[in-house]
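Just one chain follows, in the form predicted on its own, and it is written as structure tokens.
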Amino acid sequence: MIEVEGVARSFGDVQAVRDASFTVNAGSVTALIGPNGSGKTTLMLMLATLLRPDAGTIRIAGHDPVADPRAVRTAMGWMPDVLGSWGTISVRRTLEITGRLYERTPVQARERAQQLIDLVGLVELAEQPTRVLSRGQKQRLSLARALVHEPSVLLLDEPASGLDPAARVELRTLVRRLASEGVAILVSSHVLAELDEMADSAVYLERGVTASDERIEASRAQSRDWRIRAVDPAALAAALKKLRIAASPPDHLGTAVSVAGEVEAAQLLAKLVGAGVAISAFGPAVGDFEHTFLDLSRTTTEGGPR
């Protein structure tokens, strides 16, 4: 549903995106990950038909954003990081107008507006002017606007920004539900732990270049820290020492040890339990996306391959 091949875009002498290639399939959630200045926003704007690429090709649901932007906008919902709203118009009327802009009939626009008000949890604010909404509530409205025309492709840029913890959980649930209904979703966020719980896969962008599959697999294979908590920390420390496993000094999160993959982690857990250590928590110190991102960033900084 999203196909990007060799895409580049410059602003004068600044190369914002140099070589981006990836795909997003129907029914999946893909994370777009990269540090500030990596080209994520420029890439999103090209996908959204708002910038022309200097090179390469983009297809959204089979359509070219440059040659046929109307077809792309019909198939795609776009939620930017910050989307302005008409301050004196109510939440309900905002969604109705958006529906009319997508050529829905007045009846269809009203029905869809009510569905979305219920979906994003703005029932109590439906008749209020949008100027009274908080940052998080405006994000909910922005998401509802992106869904007005029931798109098959969804671009989300920092969708959880300003949301409280409960609303973040609801957002993850909604994104997964949309994917289960066949929507192809590309989501950009700086909160990698959140993406770990939301996305099936990730595209890593560094200095305008997407990391190759080989580099990603190599980064995933690197040793990583796992955290262990035990009912008796002293017994854990003694068992690790006996197993000759180096460990960091314990803190409020537990004891960190370096483990090369899930197989070795499972073996370590079995040995600790076999030694009579009562383990209360055992898992990676960071999520898969954060681990891969940090390793890719370290390799790039050190001048290694991308």
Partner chain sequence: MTRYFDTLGTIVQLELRQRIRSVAWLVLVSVVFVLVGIVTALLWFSITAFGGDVSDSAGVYSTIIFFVLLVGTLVTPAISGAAINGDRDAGTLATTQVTLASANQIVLGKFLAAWTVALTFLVASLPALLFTLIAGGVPGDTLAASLGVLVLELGVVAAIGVGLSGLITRPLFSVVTTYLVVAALSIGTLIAFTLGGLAFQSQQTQTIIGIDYSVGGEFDPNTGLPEEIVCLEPVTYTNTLPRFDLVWGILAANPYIVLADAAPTSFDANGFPQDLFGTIALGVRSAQSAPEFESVLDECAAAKEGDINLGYFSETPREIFDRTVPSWFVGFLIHLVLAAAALTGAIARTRTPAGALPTGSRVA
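Numbering follows the first chain given and starts at 1. All figures in this text were calculated on a predicted structure; none of them were measured in a lab.
We do not show the form predicted together with its partner chain, though everything after this point is about it.
Can you work out which of Ser85, Ser223, Ser212, Ser161 has a heavy atom no more than 4.5 Å from its partner chain in the model of the complex? Looking at Ser85, Ser223, Ser212, Ser161 one by one, just Ser85 meets the 4.5 Å heavy-atom criterion.
Please identify the residue among Leu174, Val123, Ala235, Leu101 with any heavy atom within 4.5 Å of its partner chain in the model of the complex. Flagged contact: Leu101.
In the model of the complex, Arg9 touching its partner chain (heavy atom, 4.5 Å): Yes - in the model of the complex, heavy atoms of Arg9 and its partner chain come within 4.5 Å of each other.
Answer with yes or no whether Ala31 is in contact with its partner chain in the model of the complex, where contact means some heavy atom within 4.5 Å. Because no heavy atom of Ala31 falls inside 4.5 Å of its partner chain in the model of the complex, the answer is no.
Does Arg145 reach its partner chain in the model of the complex, with heavy atoms at most 4.5 Å apart? Because a heavy atom of Arg145 falls inside 4.5 Å of its partner chain in the model of the complex, the answer is yes.
May I ask you to state whether Leu50 is within 4.5 Å of its partner chain in the model of the complex, using heavy atom distances? Although its partner chain is absent here, Leu50 would touch it in the model of the complex, with heavy atoms inside 4.5 Å.
Please pick out the stretch from 91-99, 199-207, 164-172, 114-122 that is in contact with its partner chain in the model of the complex, where contact means heavy atoms within 4.5 Å. Going by heavy atoms within 4.5 Å, the stretch is 91-99.
Going by heavy atoms, what in 60-74 lies within 4.5 angstroms of its partner chain in the model of the complex? Counting only heavy atoms within 4.5 Å of its partner chain in the model of the complex, the contacting residues of 60-74 are Pro65, Val66, Pro69, Arg70, Arg73, Thr74.
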